[in-house]
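To begin, one chain is listed below as structure tokens, in the form predicted on its own.
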Amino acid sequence: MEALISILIGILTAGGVYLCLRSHTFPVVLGLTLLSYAVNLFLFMMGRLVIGKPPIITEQASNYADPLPQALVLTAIVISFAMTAYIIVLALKARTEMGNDHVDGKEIR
């Protein structure tokens, strides 16, 4: 299972980097979204998912789930949503000012 998750994280990262290097703004936004998914999956998997265990340490609990990766993923989801919204607003503003959606503002002929 760890190999499958590692391959999935690698595919998401590779796809995100590929899309971030494109010349139009929409693939760049999708690339940043894929990169944020890869980071979220990595953060979640680094915490060793434990099923059926309490996230709070008590005297009678022999094993517990680590709540820190879950908190990190929740924070990363909020940050990636805000980043995506900001990038979309910037792309729309650049589209209205320059008249095209090319990343460097040049027209393709």
Partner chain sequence: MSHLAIIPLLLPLFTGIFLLLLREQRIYIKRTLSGISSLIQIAFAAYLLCTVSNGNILVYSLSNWPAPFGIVLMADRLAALLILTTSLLSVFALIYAMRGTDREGRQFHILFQLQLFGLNGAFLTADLFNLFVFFEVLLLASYSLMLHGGGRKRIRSGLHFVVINVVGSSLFLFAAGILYGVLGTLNMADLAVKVAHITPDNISLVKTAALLLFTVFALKAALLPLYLWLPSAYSQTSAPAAALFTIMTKVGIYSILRVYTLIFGNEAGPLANLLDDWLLPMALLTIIIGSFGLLGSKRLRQQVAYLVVISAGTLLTSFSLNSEAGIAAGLYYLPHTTFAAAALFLLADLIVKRRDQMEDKLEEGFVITRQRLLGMTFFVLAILVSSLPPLSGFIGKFMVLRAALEHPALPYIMTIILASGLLTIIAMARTGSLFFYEAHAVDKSTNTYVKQGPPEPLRVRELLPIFSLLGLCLLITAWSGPISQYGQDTAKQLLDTPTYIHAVLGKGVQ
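Numbering follows the first chain given and starts at 1. All values derive from a computational prediction rather than experimental measurement.
The form predicted in complex with the partner chain is left out here; the points below concern that form.
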_Exercise: residue 104 in contact with the partner chain in the predicted bound form, heavy atom 4.5 Å_ = yes
*Proximity of residue 75 to the partner chain in the predicted bound form, heavy atoms at 4.5 Å*: yes
*asked:* Considering non-hydrogen atoms and a 4.5 Å limit, does the partner chain approach residue 46 in the predicted bound form?
replied: yes
*residue 86: heavy atom within 4.5 Å of the partner chain in the predicted bound form?*
yes
*Residues in 12 to 43 with any heavy atom within 4.5 Å of the partner chain in the predicted bound form*: 13, 20, 25, 28, 32, 35, 38, 39, 42, 43
